[in-house]
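First, one chain by itself in structure tokens, the form predicted alone.
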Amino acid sequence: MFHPRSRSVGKPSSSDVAGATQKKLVFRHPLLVRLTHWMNVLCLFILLLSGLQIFNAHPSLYWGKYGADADPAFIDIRAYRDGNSIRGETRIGSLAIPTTGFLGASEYNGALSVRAFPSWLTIPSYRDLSTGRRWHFFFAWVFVLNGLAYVIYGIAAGHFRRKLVPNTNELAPSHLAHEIADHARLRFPKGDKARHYNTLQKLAYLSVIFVLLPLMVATGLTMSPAMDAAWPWLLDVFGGRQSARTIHFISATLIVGFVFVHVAMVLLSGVWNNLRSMVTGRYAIEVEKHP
């Protein structure tokens, strides 16, 4: 007997068809964006580790035009003797934080050694300010040239305008609050929305590209006596070489923080899909499967 609710075998219902999705590869990253991205990865890695080698030569940060052992530092990584052992300590203003084993005193060749950052975080791993400076200065100029190529392309090809500049609706407080809530719940865009950066990504990338990275480069130039002789106004802009050094360190720290968050989001939202998009330019999104 025919039953009115029965369905033909093998024929999906309309609800089944509506819920079905399939993967679709879309083009996301142009070649120059991919090349400059991976060059940035290399440069920032070497700049960070060689920069910590340079910092270890005098692990204190000051504000103003003067900075030496007799001047008060507001950030200081030090070591002190405690009986037959040494202890590492990081001071921020009047706050003292024990950091033995990582900052101030860390293991080197099987023994506790006095050094601000540990050997596994510096290039080279042994104490060598001269070599660290060579690595740092060479890759600093590679980084600057790479960044200029990216910025020129971004402006000329409309990459910034099309991909990174948020529109008025995206900057609305309600929209930003919704995106923050989605990020906190690890809800990532699906379907056609996954083709583009969300507003939080856009604001983060613009802040790094046009604020933190130029600030790090400008303060790096200000610490150079040769650049100070050519452009003495740099010292006035940043209030002295020691202030520039402090801003350089803080901006580099913020960039490291951005990288950690960036990598975490890549891992959580689909590591292979994100890596493929930055290698081949193709990104997989889910779209409805049409019957």
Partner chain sequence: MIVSPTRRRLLIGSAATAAAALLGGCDALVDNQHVARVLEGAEALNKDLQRALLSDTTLAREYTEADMSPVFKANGTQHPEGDAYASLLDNGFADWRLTVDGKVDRPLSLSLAELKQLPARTQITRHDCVEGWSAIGKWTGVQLGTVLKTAGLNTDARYAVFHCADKYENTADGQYYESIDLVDAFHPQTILAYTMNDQNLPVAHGAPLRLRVERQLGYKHAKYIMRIEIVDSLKAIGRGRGGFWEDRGYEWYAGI
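Residue numbers count along the first chain shown, from 1. Predicted, not measured: the structure shown is a model, and the values here were computed from it.
Although it is not shown, the form predicted in complex with the partner chain is what the next lines describe.
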*asked:* Within 4.5 Å, heavy atoms only: does residue 257 come near the partner chain in the predicted complex?
replied: no
*Although the partner chain is absent from this view, report whether residue 214 comes within 4.5 Å of it in the predicted complex, heavy atoms only.*
no
*Heavy atom of residue 27 within 4.5 Å of the partner chain in the predicted complex*: no
_Using a 4.5 angstroms cut-off on non-hydrogen atoms, would residue 248 count as touching the partner chain in the predicted complex?_
no
*Interface segment, criterion being heavy atoms within 4.5 Å of the partner chain in the predicted complex, picked from 84-92, 125-133, 154-162, 170-178*: 125-133
*Would you check whether the partner chain, in the predicted complex, lies within 4.5 angstroms of a non-hydrogen atom from each of 45, 65 and 224?*
yes
_Only one of 188, 102, 137, 205 gets a heavy atom within 4.5 Å of the partner chain in the predicted complex. Which one?_
137
*Is any part of 43-80 within 4.5 angstroms of the partner chain in the predicted complex by a non-hydrogen atom, and which residues would that be?*
45, 54, 57, 58, 65, 66, 67, 68, 69, 70, 71
